[in-house]
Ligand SMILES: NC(=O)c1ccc[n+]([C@@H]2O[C@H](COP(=O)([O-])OP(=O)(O)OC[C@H]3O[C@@H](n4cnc5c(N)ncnc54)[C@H](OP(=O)(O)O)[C@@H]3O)[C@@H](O)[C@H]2O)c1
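As a starting point, one isolated chain is supplied in structure tokens, in the form predicted alone.
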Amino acid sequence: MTIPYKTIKTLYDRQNPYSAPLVECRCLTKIGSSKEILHIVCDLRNSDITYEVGSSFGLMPENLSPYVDEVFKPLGTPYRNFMVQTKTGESLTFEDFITKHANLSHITSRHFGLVQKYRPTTALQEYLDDSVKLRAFCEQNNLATFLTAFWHPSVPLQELVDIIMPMLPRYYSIASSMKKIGEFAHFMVASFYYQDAGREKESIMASYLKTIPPMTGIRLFLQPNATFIPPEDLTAPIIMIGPGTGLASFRGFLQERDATNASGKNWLFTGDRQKEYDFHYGEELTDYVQSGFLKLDAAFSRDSSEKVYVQDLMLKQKSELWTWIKDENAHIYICGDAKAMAKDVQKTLHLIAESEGHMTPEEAKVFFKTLRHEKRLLFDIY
């Protein structure tokens, strides 16, 4: 059985996020790492928001001022203070809209059609008549470069606002337990780079968090997950499989189990690229191991000539894993990448059932289907 999920009442949602002060933003990965993951702490003390481990928050980034300025360069400074309305009816300046609500990277045929409606040109019509040419332009440009090429002041600003793609929230698993840390929330935020109008650009959430000063309000809202929670039985063993940022939820699980004095065994499979640089929350996990609270298997794929992943470590421990699963009724949690990791881990579990449980492939399939039905095999994958 699992904990009955509490009905969480909050005044805040995607349309009305809470502005949580940013308490801490530090790099979890050490200098020398080939990637960057941030540890983020937000203050919820004045929000009345309560969360359960396993849930997530939607965080709303903001566009940095250099990118906002690029939009206004072809428009002109006066446009900054023009009042506009969002689709939800909120009135604000156009500059605030561009900063907080606009996706500056994506344009569509609607942008071409709008300008053509008020200021027809042969160049615009050529794009509207040629879908291949239109698609190529949209893929290689952004809002600022489109406005630079085609904007005309005869276009009503509100109509432009109405077709700009919205800024979407970014969802992050909560890497903490309120029972352990109180009215705060921790997150693991990965930074990455992508091509935007012919240049390399850092992911918007990471660049925003790294740029703003401490105690700046981060707009966020709770996204409960009633199906990814620790077992009600505090004596039940749990197996957690989550490399990379998939570790976030399991840090919350471990804090929760520690705070509630859960006597059930805890086994974590995690990892990343290199132990020297990418052992996220390594000191905390090592302390848990030394106290006997946690069994830890960490795979660091670039520490040897042959890459090692969590599923490889699972196979090495297949006999004990099967004992936990079959004889001790352990709950299994898988968190992280849906495209490769989650599929590979499931295949590995099936191989272990076939090897150690002497099952046929079909019997293994039925066995794990039953575990899912019993809420003993749970996923939070993305």
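Quantities reported herein were computed from a predicted structural model and do not represent experimental measurements. So that there is no doubt, residue numbering starts at 1 and follows the sequence shown.
The following text describes the form predicted in complex with the named molecule, which does not appear among the structures shown.
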_Which of 261-269, 120-128, 190-198, 229-237 sits within 4.5 Å of the named molecule in the predicted complex, heavy atom basis_ = 190-198
*Going by a heavy atom distance of 4.5 Å, is Lys347 a contact of the named molecule in the predicted complex?*
no
*Mark Ala185 yes when one of its heavy atoms lies within 4.5 Å of a heavy atom of the named molecule in the predicted complex, and no otherwise.*
no
_When the contact criterion is heavy atoms within 4.5 Å, does Ala144 count as touching the named molecule in the predicted complex?_
no
*Taking heavy atoms and a 4.5 Å cut-off, does Thr216 contact the named molecule in the predicted complex?*
no
*Of these, Thr148, Gln158, Ser301, Thr108, which has a heavy atom no more than 4.5 Å from the named molecule in the predicted complex?*
Ser301
_I need to confirm a contact call. Of Lys133, Lys179, Arg80, Lys307, which residue comes within 4.5 Å of the named molecule in the predicted complex, counting heavy atoms only?_
Lys307
*Three residues, Thr245, Ala340 and Tyr382; all within 4.5 Å of the named molecule in the predicted complex via heavy atoms?*
yes
